[in-house]
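Single chain ahead, by itself, as structure tokens, in the form predicted alone.
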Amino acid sequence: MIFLPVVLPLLSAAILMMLHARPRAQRVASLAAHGAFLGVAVLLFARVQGEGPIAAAVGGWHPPFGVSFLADALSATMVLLTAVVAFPVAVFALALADGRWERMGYHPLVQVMLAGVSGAFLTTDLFNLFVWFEVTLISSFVLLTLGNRPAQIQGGFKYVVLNLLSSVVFLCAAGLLYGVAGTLNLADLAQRRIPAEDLWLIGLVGVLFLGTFSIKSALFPLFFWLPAAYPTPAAPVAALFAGVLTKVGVYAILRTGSVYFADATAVWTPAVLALSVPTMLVGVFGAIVQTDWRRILAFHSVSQVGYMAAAAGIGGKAGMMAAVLFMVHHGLVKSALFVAAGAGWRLGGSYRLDRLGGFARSHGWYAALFLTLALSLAGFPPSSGFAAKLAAILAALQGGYGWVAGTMVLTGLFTLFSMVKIWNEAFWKPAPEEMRVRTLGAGERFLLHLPLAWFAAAALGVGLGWSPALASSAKAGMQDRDGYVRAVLGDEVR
């Protein structure tokens, strides 16, 4: 069961590659693959909730020597979030499918990316985390540049250069850590005692790992690849990236901080906050000056990564719960808003706000769904955004970081300003004369509305009732470091 979130997408990718000359068959197979992945994620999450953490090793090589996976409350939640985001995006892709980027490998590449993301969430070894990072990087870079437009190549170049730099830093950190500790298994590392004369080297390793994860997450100051890259690909690719990719870096901060660097909070927490607070401000201020719908959302992705990283850096029960809630909220709502932007392009022929208008009068259901999601991003009750932001602010206050909580409140106000800006321009004002309005059939309208309805229902569900369950799940899965060690190592615990 624990290997299926990785194995199933890889098998699906192989099947989809064999169907590359048959677009319709490929679409059906892709949707079936996403449905199967969602089913596996739900079953894995339910089993973890019922039985506790599930560990497995490849080939009988028990950790810390072999390749081992662990599904606990945190990793199972992140795999489920990935599946819940990917399925409606796959439905949305059917509405925009024209065969052009499908012939370039869109469907199998998405499956490879899902396998890489799932592997990163489930692995217990830092070197294997690097491997899954690279699987994700390769597939996402090709997805980013499908179409070969100049803007895509430019954004993809920044994306791949910075992420390759982070990979080199990751390898250096892993090599240094292995030289000192003799292992890269997180659970084994957690029970090792480093000699006092090597503590400075462990500090350097921590800085290198944090630098790697901050690039993957798009934290300040190396965040600029995200607003350069996310507005350029096909709308389904941008929606999938926004909901899934940045969570891998934040997850790595959360996992390593709660397991290996749990005893170094006096250094780890200030370092993470020093990166996350400027990220919140730079992202939201960058968003309010944009006039392109996707660029506004891309800068907001930067800003909200700052929320997640800040909560992860604060740590403790409250910080961990807030980080997980915020990752779930952001994965749902930000993917949905990129879907909404793609639907607006499909209807109005542009992503520029000054060339759009009138959607509130001409497409009432679309406008209502967008408004629900926009208010969730801004943090209005009873949405997931309210639950996540309240949890993050309370975590900061309980940890004695009032200035972080104040930054979160300020960022939320400017987020609301940006969402109102999109609403006024694209939905409320009359349609400009030069706007090219496309006529959609009933089937296409259904494929555009269904993903938005899925995400809106999920966001409201998290806000109304699921957030306590997610919070308690996160607390049980992450706070007990000794439990993580026992789940991974079993009889090998010292």
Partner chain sequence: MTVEALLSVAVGVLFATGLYLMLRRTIVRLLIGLSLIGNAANLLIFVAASLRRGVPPIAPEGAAAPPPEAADPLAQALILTAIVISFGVLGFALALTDRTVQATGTDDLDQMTEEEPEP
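Not measured: the values here are computed from a predicted model. Residue numbers count along the first chain shown, from 1.
Unshown form predicted together with the partner chain; subsequent notes refer to it.
This chain appears without its partner; in the model of the complex, the one residue of 178, 285, 423, 380 with a heavy atom within 4.5 Å of the partner chain is 178. This chain appears without its partner; in the model of the complex, the one residue of 99, 150, 270, 364 with a heavy atom within 4.5 Å of the partner chain is 150. Interface membership of residue 318, defined by any non-hydrogen atom within 4.5 Å of the partner chain in the model of the complex, is ruled out. Contact check for residue 161: a heavy atom falls within 4.5 Å of the partner chain in the model of the complex. Although the partner is absent here, residue 401 is not a contact residue: none of its heavy atoms lies within 4.5 angstroms of the partner chain in the model of the complex. Of the heavy atoms in residue 265, none are within 4.5 Å of the partner chain in the model of the complex.
Heavy atoms within 4.5 Å of the partner chain in the model of the complex are found in one stretch of 331-339, 385-393, 124-132, 69-77, which is 124-132. Annotation for 386-422: no interface residues with the partner chain in the model of the complex [heavy atom within 4.5 Å].
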